[in-house]
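The chain below stands alone and is given as structure tokens, in the form predicted alone.
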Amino acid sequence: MELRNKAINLIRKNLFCIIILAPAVLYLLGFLLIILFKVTALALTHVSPEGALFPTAFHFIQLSKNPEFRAALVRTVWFTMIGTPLELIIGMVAAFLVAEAFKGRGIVRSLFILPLAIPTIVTAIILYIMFDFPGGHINDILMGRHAFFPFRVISYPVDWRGSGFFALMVSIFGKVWRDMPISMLIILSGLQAISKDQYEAAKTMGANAWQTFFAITLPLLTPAMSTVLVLRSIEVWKEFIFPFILAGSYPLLATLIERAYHEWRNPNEACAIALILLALIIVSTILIFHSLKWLRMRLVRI
């Protein structure tokens, strides 16, 4: 009875916020459920000359036999495993650089946030031009054709987008550069929430910079780090524009969905790939939460 009264009081206290937010929540949740239901239904339906079969794992079995899907899956895993930590590390470095007050900090912060002002497709096209073959700007610079860098590093132009490794590295570079400000702002908010008294107490106890970082900063930053890793890993898992433009010949799962739908003319397999991608996102999110929880417990013990 007491718990019920507390719940009623809590609802009454936040009734205005609930009324304001309810339409948006119902709208988003409704569309999510509709889309998820439709994608699941298509992924588990196989239409053959004998008739429609539901539910069935036919499309998942076919994808497991498809070498293009297996290659895209491996590339997507590597793309995420490299891109997500890079976004966190570079975001942390940028946040630490602008956390303390110094002359011109506002200008530096603005420069770090600048990538967000450029549309993703514009960034991808700029990188496409820079890493073009054979006459891209990067090749010209490395071959010593620019006055500000007259040193020849390579003798022949590199086909950056003609190699799976280089094409995906360029895509990761574009993705990390474009989204780094989001990571930086989240980490920066976490840094500013740490009380200065804790650093002063550690200093009076004789702790050096590394001890302070591992005993205070890192444990208290794990909630912000968790947010960055979860949000950015989801974005990297489903990244489409950079791989599509810069590594079109080496598809990831997100770009393979488009290929399955338009080139293979098979919306059922496209939906099956989408469900696999969703499952990978859910599993990676759970692993990130558990890993950071374990890391924080270890750091607190230390």
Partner chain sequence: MKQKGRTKINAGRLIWFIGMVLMILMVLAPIFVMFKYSISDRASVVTGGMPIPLWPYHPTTEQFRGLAAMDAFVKSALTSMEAALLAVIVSLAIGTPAAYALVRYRFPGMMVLATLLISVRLFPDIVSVVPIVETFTKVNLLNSVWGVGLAHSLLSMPYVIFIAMGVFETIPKDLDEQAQILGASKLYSFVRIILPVALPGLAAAAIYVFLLSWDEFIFAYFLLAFGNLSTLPVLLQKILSWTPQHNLLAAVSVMLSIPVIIFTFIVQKYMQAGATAGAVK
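By rigid core we mean the largest C-alpha set that fits within 1.5 Å across both forms. Residue numbers count along the first chain shown, from 1. Treat the numbers as computed from the prediction; the structure is a model and nothing was measured.
One more form of this protein exists, namely the form predicted in complex with its partner chain; it is left out here, but the text below deals with it.
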Query raised in the report: According to a 4.5 angstroms non-hydrogen atom cut-off, is Val122 in contact with its partner chain in the model of the complex?
Result: yes
Query raised in the report: Does Lys238 make contact with its partner chain in the model of the complex, using a 4.5 Å heavy atom cut-off?
Result: yes
Query raised in the report: With the cut-off set at 4.5 Å between non-hydrogen atoms, does Lys13 touch its partner chain in the model of the complex?
Result: yes
**Report entry** Touches its partner chain in the model of the complex: Ile245 (any heavy atom, 4.5 Å)
**Finding:** yes
Requested in this report: Name the stretch: of 128-136, 75-83, 194-202, 150-158, exactly one has residues whose heavy atoms fall within 4.5 Å of its partner chain in the model of the complex.
Outcome: 128-136
Report summary line: With the partner omitted here, the residue among Ala207, Leu220, Leu142, Ile182 that in the model of the complex has a heavy atom within 4.5 Å of its partner chain is Ile182
Query raised in the report: Considering only 169-192, what residues come within 4.5 Å of its partner chain in the model of the complex, judged by heavy atoms?
Result: Phe173, Trp177, Arg178, Met180, Ile182, Leu185, Ile186
**Report entry** Rigid core superposition, Ile282 Cα moves 2 angstroms or more between this form and the one not shown
**Finding:** no
Query raised in the report: Once you line up the core, how about Ala207: does its CA shift reach 2 Å between this form and the one not shown?
Result: yes
**Report entry** Flag for Leu26, CA shift 2 Å or larger between this form and the one not shown after aligning core
**Finding:** yes
